[in-house]
Structure formats: structure tokens, C-alpha cells
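To begin, one chain is listed below as C-alpha cells, in the form predicted on its own.
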């Protein structure tokens, strides 16, 4: 059976302000050593498994021109434009309807546009194992073997082993506190939830019908109107009515037959500025330095300057994140990185034009 890919690319990426802004979020930016953007890397990784004609990008309609520019080899018909951001479940329902209309049925690989994978070959091997084990009534997810105590990810509790490094999923768990995350890490029986999945399109349709009837109604309306000249307005009407909900909450936490493949391929969800420390090479003083910077007697900093005609100069600072981009300058202690949304909310209230 044909394998197709859904790459979800509708996120706002607010944690990467000021480089990521509402009209140009992080999935369209280069945050690694590569010159390719995050979404370009996501597509390049899977080309050995999925043909360009079978790759679908789901994004907000306000980003369509960026996607067209960055992925010119992907047909515009494969770029699915959401009128509103309603989290991952409506996004997947939309794509499920389109895939059903084009292929009747297919194996579906679901990915995010802003993940980093260090070892692509190991990643593709895991996907290949998953494809070989898709059935008409199961879901397979890629879990990540934890490399540190992490409170920023959801977790998957392993059940009994099946075969070929595949386990049944006992349950999905929301982001834990530090003590609980340490217990998970020490036990060796928990994986990070990467949000990457494999399933048969027809089975996902059945799951949506069973667990989220309103979303299934939307799926059918989309399916029956894909070739309608008023499709854009019909889609907008459906998105106006539907609840914003994640695929984990809507489906994954309710389905019994889910299996997981533990992955050791160097995954990162690139969720905050601290992620850059795992993606870039530091100097002898543990500073990440990008762009025009003069750094003296400074340690353990992230210094990113995207302006060629500006300079960042530091003297005697530690544990600080400084990011210069266009007309904005972020200066933040690393320890406050998880609180950046409070800063974003303040900017929204007073200086929205800078977002």
C-alpha cells in the first residue's frame, strides 16, 4: 500500500521570538547548522520513503506564500490551508479527508515541521519498521528514549513487548513535574512522546468517527466538497464551528491498539531557545555564537545576531540569551526561558506590532 506523509506546519513558534514572528514562525527559519529551514529539513528527511507527490503540508492559509517559496517542488494541491489554527486533531481530520479522496486508502506518516533529527538513517529505519507493522486496526507512534530528565515533553508508558523493538502503549501521560520526570527517567519504562505517528488512513477515519463525532462530521463535509468551487468558504465555516483539540487528547488517549517504537535517532522538538544548545556548537566558554558578536569574559550564553549591520558585544555576562532580529532585541536569563510566554503576552498588550 502507498505511504503518504502529513507534515503539520501551522504553529506560531512564539517561544522563538523575536526571530519567530506571527507572520514568519520558526518552522520557516533555519535554527540548526544547516542553511535549510526546519520545514525544508522535515521534507528532505523523508524523500527516501515518500515521493514529493505524496507529501502533504498542512498549514495556516496566512503562510501559504512562504510554503510555496520554500517548497516549490511540492504541488500546491498538496498544501492544505487551514483558515484557523485549531490544534492538531482538526488538522489531521482535514488531511484524512483529502487523502481518502485521492487514494481511497493509504499508510499515513504524520510529522511536525519543526523537529530536529540528528541521525536520519536510524530515523528512517524506525519509520520502515513502523510501516511494515501497520494493520487495518492499529496506530504506531515513534517514542524517544529519554536522554535527560525533561518536564517539557509528554511521556509514553511502555507495555509488553511485541516484536522487532515494538511495544504496546500502556498510556500517554501529560507533561510531568520534575520529581515525576526523574522517576520516569530512572525507571527506563517511559519514552518521550514525539508526536510522530503511523496509521492506515481508513483506521484514523474510524477512530475520528468513534471518538470525535463532530470532527467526523467535518471530515465528511470536507470530503464531499473538495472539488466544490466554494470549498474555501465551506472549510472556513467548518473550522469556525469545530473545537480546538489535540490529536493526543481526541484520539490517542482513547484508542486501545497503539504500539510504540523506541527511537535513539537524536530527536529534538526545538521547543525553546535552550534547544539551540543541542543544535549548535559552543565555544570553549560554552557560548553559542551566531552572527556578529564580540564576546569577552562571558560564559554559558546564547548570542544570536541576525542583523549584518549590527553588533552584539558582551563583557562579563553569564547564563544569558541575547537575540537581535530586525527591530527587536531579546535579553533573557536562561533560567527564565520557560516563562517567555509571559513576556509575549506583555508585548501583545503594549507593542503588538513587534510580534
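All figures in this text were calculated on a predicted structure; none of them were measured in a lab. Positions refer to the first chain, counted from 1.
Form predicted in complex with another copy of the chain: not shown, discussed below.
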Legend entry - residue 314 within 4.5 Å of another copy of the chain in the predicted bound form, heavy atoms: yes
Inset, instruction - Would you check, heavy atoms only and a 4.5 Å threshold, whether residue 322 touches another copy of the chain in the predicted bound form? - result: yes
Legend entry - Interface membership of residue 294, another copy of the chain in the predicted bound form, 4.5 Å heavy atom rule: yes
Legend entry - residue 49: touches another copy of the chain in the predicted bound form, heavy atom cutoff 4.5 angstroms: no
Legend entry - Within 4.5 Å of another copy of the chain in the predicted bound form, all of 329, 332 and 343 (non-hydrogen atom): yes
Legend entry - Options 51 to 59, 36 to 44, 23 to 31, 302 to 310; stretch whose heavy atom lies within 4.5 Å of another copy of the chain in the predicted bound form: 302 to 310
Inset, instruction - Just give me the residues of 13 to 35, first to last, that have a heavy atom within 4.5 Å of another copy of the chain in the predicted bound form. - result: 17
